[in-house]
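Here you'll find one protein chain in two forms, each presented separately as structure tokens under the names structure 1 and structure 2.
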Structure 1
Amino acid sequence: MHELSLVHSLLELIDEQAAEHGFSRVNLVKLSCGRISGVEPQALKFAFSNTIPGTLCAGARLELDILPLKIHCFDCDREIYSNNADPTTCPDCGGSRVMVCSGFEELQLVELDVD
């Protein structure tokens, strides 16, 4: 379960930010991740809720925004947002000359609500 290692890395990042900015409690953690990043939202939430006791995030909520897949199709020369998990074809024209622009491997800490 790589979600557990993601949560450990996230908690390390939060500890670094707490040391730098002087907060002692986290109420909310907002993340965004790409649709085909390989992150399983339920597994991430489970790992988060089972890892945070005894940390600055104890009792914090986790919000996860799943970013749509954005591809550029060279066949129809358009950028298309898609909730489809297939980045190999254009959902509009069916063309196969596509490039993934976003929604792929991203996992980003977007916001912390802290005290």
Structure 2
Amino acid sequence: MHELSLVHSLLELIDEQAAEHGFSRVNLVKLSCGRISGVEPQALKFAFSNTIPGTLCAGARLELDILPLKIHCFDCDREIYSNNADPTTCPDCGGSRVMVCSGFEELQLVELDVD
């Protein structure tokens, strides 16, 4: 819902990087976030492509690496990567005696390809 403000913060971070490294053009922006971090990839990409014209990032590609949701299932007694939207159910046995291990990672800028 607030992807536009995330994009503005991202562009500010990139401006700081430009000042530090002295580049004038960005070809690729790589981000990452957890699967259940609340970030909506489609909305983010849409907000990005609408905001970049006229900025350092004009024409840049956005890649979003979605970090997996990992749970520990006490019934299966092991850690399992889950593609479920529901982090509280084991994708293997369907049980609900689980603990969420990862998937909440916040949105990060991880790499830029620049000229």
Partner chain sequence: MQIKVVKNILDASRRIAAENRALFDQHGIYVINLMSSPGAGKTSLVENTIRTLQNDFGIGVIEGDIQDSYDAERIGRLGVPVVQINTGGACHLDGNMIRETFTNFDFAAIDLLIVENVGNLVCPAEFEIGENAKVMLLSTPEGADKPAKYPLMFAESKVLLINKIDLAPYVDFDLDKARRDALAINPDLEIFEISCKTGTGLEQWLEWLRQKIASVKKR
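Rigid core (definition): largest C-alpha set, two forms, superposition within 1.5 Å. Note that this is a predicted model, so its numbers are computed, not measured. Residue positions are counted from 1 along structure 1's sequence.
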Q) Do you think the form predicted together with its partner chain is shown as structure 1, or as structure 2? A) 2
Q) With both forms fit on the core, has H21 moved 2 Å or more by CA between structure 1 and structure 2? A) no
Q. When the two forms are laid on each other by their rigid core, does V98 show a Cα shift of 2 Å or more between structure 1 and structure 2?
A. yes
